[in-house]
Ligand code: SAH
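One chain follows as structure tokens, the form predicted on its own.
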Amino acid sequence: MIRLIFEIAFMVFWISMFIIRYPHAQKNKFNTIQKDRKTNEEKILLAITSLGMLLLPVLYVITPFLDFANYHLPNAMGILGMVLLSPASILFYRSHRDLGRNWSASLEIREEHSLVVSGVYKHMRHPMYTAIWIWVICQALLLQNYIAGLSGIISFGLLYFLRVGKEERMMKLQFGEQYVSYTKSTKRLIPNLF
């Protein structure tokens, strides 16, 4: 019974993330792309991340296909995963809202792209990545399965570590000293509150 509650909590969260992102994706698809750095590697990484964070978790929840790889954590760990879903949702929403028309799912500079250094971006450079790291940790705590639970950490970790440096170089090329100064006053993932 508790496993079902954890799975439902994860799926509600997963749907809420889609609801948060969808309007931004729709609105921003009409932006004119000035510089597109979307390589085949980027496309492959996005596909792998979709597999690990979307397809495998849904497959696990709606079918018994992956049950052979189940593991068991104390219920307190699943409850912790449910609790962490709230800050992940809030941070995911705020990072999309604060980016506005500057948001993109891939490495792109849009026409009239601006450097966002306010809202949650005042405290960290990549709050959306922070939200997604919390998301994939929750996935492992709630979907207690070696394939569906851990696929988020593995796939997103691969995307993050292969992409974040490229993203920061792209921003430095676009915004120069303004971005360099911003990197000196913020950390990548952890809020700089003091």
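Throughout, we count residues from 1 along the sequence that is shown. No experiment lies behind these values; they were computed from the predicted model shown.
The same protein also exists as the form predicted in complex with the named molecule; that form is not shown, yet it is the one meant from here on.
For the chain shown alone, M77 is not a contact residue for the named molecule in the predicted bound form, no non-hydrogen atom being within 4.5 angstroms. Heavy atoms of E41 never reach within 4.5 Å of the named molecule in the predicted bound form, leaving it off the interface.
When contacts are judged by a 4.5 Å heavy atom cut-off, L85 does not count as touching the named molecule in the predicted bound form. Looking at S89, you'd find every heavy atom of it more than 4.5 angstroms from the named molecule in the predicted bound form.
Note on the partner interface in the predicted bound form: the residue among A25, M170, V180, V12 having a heavy atom within 4.5 angstroms of the named molecule is M170. Along 75-108, these residues reach a heavy atom to within 4.5 Å of the named molecule in the predicted bound form: L99, N102, W103, S104, S106, L107, E108.
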